[in-house]
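Next comes just one chain, in structure tokens: the form predicted alone.
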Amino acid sequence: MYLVSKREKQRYFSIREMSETLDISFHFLTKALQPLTQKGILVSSRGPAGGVSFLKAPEEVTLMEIILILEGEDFFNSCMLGLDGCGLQRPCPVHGVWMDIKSILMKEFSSISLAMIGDKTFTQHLRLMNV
């Protein structure tokens, strides 16, 4: 969201500056951004004017795509409680609820672009950090 809300201001964003602004560990942020770079959402550049930038337009990136990249393909298919073998034969207490709402969430997340969230963040002055 930070990158989307600031995308008109500069090409590359310093990960160090981003981590300081958002009060997130530099190493954690670097690790979190790596899969987005590997999957072609972001591009990184080294050097004094380097950092990360969008390779793919935020209008073309859905929230679902980000969730799948960061959480993995099994995110929507695994048990909410983390129980092995959860399913129709051996359901957990929230299995039925999860089965009912996960397809709705997947559809919604697939229709929301990063640009939509970023624009909302910018126009409504929504916060990106604990302050």
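Start at 1 and count along the sequence shown; that's the residue number. As the structure is a prediction and not an experimental result, all values here were calculated from the model.
The form predicted in complex with the DNA is left out here; the points below concern that form.
Participant: Only one of Gly82, Pro93, Gly85, Pro48 has a non-hydrogen atom within 4.5 angstroms of the DNA in the model of the complex; which is it?
Facilitator: None of the other options qualify; the answer is Pro48.
Participant: Just one stretch in 73-81, 32-40, 59-67, 94-102 has heavy atoms within 4.5 Å of the DNA in the model of the complex, so which one is it?
Facilitator: Of the options given, it is 32-40.
Participant: Do Arg11 and the DNA come within 4.5 Å of each other in the model of the complex, heavy atoms counted?
Facilitator: Taking the distances in the model of the complex, the answer for Arg11 is no, it never comes within 4.5 Å of the DNA.
Participant: Should Ile15 be classed as touching the DNA in the model of the complex when contacts are defined as heavy atoms within 4.5 Å?
Facilitator: Yes, Ile15 sits close enough to the DNA in the model of the complex that at least one of its heavy atoms falls within 4.5 Å.
Participant: Can any non-hydrogen atom of Ser111 be found within 4.5 angstroms of the DNA in the model of the complex?
Facilitator: Looking in the model of the complex, residue contacts with the DNA do not include Ser111, since no heavy atom lies within 4.5 Å.
Participant: Find out whether any non-hydrogen atom of Ser25 is located within 4.5 angstroms of the DNA in the model of the complex, and reply yes or no.
Facilitator: Yes.
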